[in-house]
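We begin with a single chain expressed as structure tokens, specifically the form predicted on its own.
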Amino acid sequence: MTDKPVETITTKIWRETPEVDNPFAAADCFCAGYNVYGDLLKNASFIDYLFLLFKLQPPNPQQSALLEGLAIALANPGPRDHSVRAAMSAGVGGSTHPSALIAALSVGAGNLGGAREVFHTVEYWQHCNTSLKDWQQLIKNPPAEQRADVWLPMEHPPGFDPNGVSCPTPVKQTLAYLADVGKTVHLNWLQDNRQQLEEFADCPLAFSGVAAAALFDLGFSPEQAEMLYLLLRLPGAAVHSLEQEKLGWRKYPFFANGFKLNP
């Protein structure tokens, strides 16, 4: 008779020890070696813990301040944003509350101001770094989409707004603050060279471009940046969906004056 094999979990992120009286309940939980409920709960901020989950090491004070600033800037894209409008439509249409978040994630995952755009912009940073010549070349001759089975090709330079006229004030304010608080190379370079890059792209810098630069400076990979961008924008989608659910379709923004129901 042989012993029953013990199931193991392969992960560098998480480790648990079971309760003495219940092997299915954890007694201690460790994230990257840190005791979550015995240590982090009392001593870490949410932003510090978020960084630890992705990077498996705690942030330094500048990294913590940079990620926190980015999280505040992205938390509510506002009702003009496509992902927020998707959540609002779900809410006002009577869908379940989880459906509103799924709608926001689905729309916010795309190539137009969405997480896939951030993914590509971080790839551009990896390739170009702080070379204006390389940025100009890559913007004029963008690489082919590697996941053409899933994603359509980008129709504009990632990180820029193809429908914009000039760089919006909140984008400039966010870039200036993050460059100052983070004191990182690429955000400050973007701050100094924004207008020249906008000339190459023939459109203004967008929030996706600022977010990509910040996440790149924080050491996140394109895949990690894509995930974080989706996560950080969900709070606004949630609250606007709940609000619009109560307000009803008659007070849905932007189309009330032109929307008529035929008897």
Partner chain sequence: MPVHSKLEKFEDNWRTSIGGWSLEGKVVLRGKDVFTELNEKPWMEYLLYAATGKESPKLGRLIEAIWVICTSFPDPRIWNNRISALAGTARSTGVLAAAGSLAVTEATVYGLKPIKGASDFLIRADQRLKEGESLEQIIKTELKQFRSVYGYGRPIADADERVKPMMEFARSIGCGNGKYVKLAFDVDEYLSNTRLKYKINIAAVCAALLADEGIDPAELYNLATLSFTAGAMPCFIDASNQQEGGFFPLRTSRLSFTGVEEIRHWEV
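Bear in mind the structure is a predicted one, so any value in this text is a computation, not a measurement. Positions refer to the first chain, counted from 1. Whichever C-alpha set is largest while still superposing within 1.5 Å between the two forms counts as the rigid core.
Keep in mind that the form predicted in complex with the partner chain is missing from the display, and what follows is about it.
- Residue contact with the partner chain in the predicted bound form: Q146 places no heavy atom within 4.5 Å of it.
- The partner chain is not shown here, and in the predicted bound form it never comes within 4.5 Å of any heavy atom of I139.
- The partner chain is not drawn, but in the predicted bound form it has a heavy atom within 4.5 Å of V107.
- Contact annotation for G182: none of its heavy atoms lies within 4.5 Å of the partner chain in the predicted bound form.
- Proximity to the partner chain in the predicted bound form, defined as a heavy atom within 4.5 Å, singles out one entry of L74, L175, V122, A90, which is A90.
- Using a 4.5 Å cut-off to the partner chain in the predicted bound form, each of A86, G94 and V150 places a heavy atom inside that distance.
- Heavy atoms within 4.5 Å of the partner chain in the predicted bound form belong, among the stretches 216 to 224, 190 to 198, 56 to 64, 22 to 30, to residues of 22 to 30.
- Contacts to the partner chain in the predicted bound form (heavy atom within 4.5 Å) from stretch 170 to 193: none.
- With the core held fixed, the Cα of W14 is displaced between this form and the one not shown by less than 2 Å.
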